[in-house]
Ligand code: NAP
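Only one chain comes next, encoded as structure tokens, the form predicted on its own.
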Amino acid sequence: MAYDVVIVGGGPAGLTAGIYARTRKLSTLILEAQAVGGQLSWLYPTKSVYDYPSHIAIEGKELGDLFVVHARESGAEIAHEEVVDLKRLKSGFRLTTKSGAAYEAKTILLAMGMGLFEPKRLGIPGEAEFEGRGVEYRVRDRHEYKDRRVLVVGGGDSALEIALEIVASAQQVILVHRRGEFRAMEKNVEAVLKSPVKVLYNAEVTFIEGDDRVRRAVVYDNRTLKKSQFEIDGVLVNIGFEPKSTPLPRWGIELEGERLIKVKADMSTSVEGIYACGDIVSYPGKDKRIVTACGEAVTAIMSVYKHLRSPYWA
């Protein structure tokens, strides 16, 4: 069976595309490599989202789950698969996954977000040893930090938001930043400075130690080289992410740089029958928001529909 459209990516863009594809009665399969719900579910499950219309504030996983439920109820099929190869056929395309499964599609919609990635690491003694035993790179559940002493490392928006996310229930939150000022948005900086979070500027973690889990961390001032030791229960590192290799260049799709797909106004790519939407696409004035990705998904599905029904007169 060849699906009318196979959507690669199960975040807000891909799930919205699945919902709208089903309103047009297109047979639809969504393939997601990490967590269905995308970054909302995998990276920011208990972080509050404040800019999605109709929700003044909603946790990432809760919002992601609503997307998933809606897509499933619409009739879209969802499979946990990582696509590793894409071949052109006379009748459309064949996608092969890491598990060895193969799927055929008349059209393809790429909604892969920023692709698969790994968190950047500090590269200091004790970090690898205690990963999963106090050293983490994302907050899976903010309630796990209740009454704990936590060191948060980073100076961008995500690091500051993590500190704000856990500070209400934690015993103590110390935010360690290697520079003298934050590069985060003003509203996050203001919120941190007004909160109980203790901020250490021009500071770097040099050593993590413990027994069965993290117990202590050494931090030094990179101006004076003075070292301080903190008794802690956990270290949350958020200094960015490194992308894994992307298969896009092998698929013959025109890119902007190494990882972003060039699209036209109708979300079509340089390959006929392949469309794209969400954080993975590039065009002048692009703004990476959940609502933007959802709007692009609707446009992309309308283009898919017209392609499948060609000539389309509407």
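Keep in mind that this is a model prediction, so the values were computed, not measured. When you see a residue number, it is the position in the sequence shown, counting from 1.
Omitted from view is the form predicted in complex with the named molecule, to which the following refers.
The stretch from 212-220, 176-184, 75-83, 135-143 that comes within 4.5 Å of the named molecule in the predicted complex, counting heavy atoms only, is 176-184.
Contact annotation: G156 falls within 4.5 Å of the named molecule in the predicted complex, judged by heavy atom distances. A residue is said to contact a partner when one of its heavy atoms sits within 4.5 Å of a partner heavy atom; E161 meets this definition for the named molecule in the predicted complex.
Proximity of K262 to the named molecule in the predicted complex: non-hydrogen atoms within 4.5 Å are absent; the residue sits far from the partner.
Although the partner is absent here, F67 is not a contact residue: none of its heavy atoms lies within 4.5 angstroms of the named molecule in the predicted complex. For the residues V189, I232, I239, V197, the 4.5 Å heavy atom test against the named molecule in the predicted complex is passed only by I239.
Put simply, of R289, H55, R250, K286 only one has a heavy atom within 4.5 Å of the named molecule in the predicted complex, and it is R289.
Contact check for R24, L89 and F93: none of the three has a heavy atom within 4.5 Å of the named molecule in the predicted complex.
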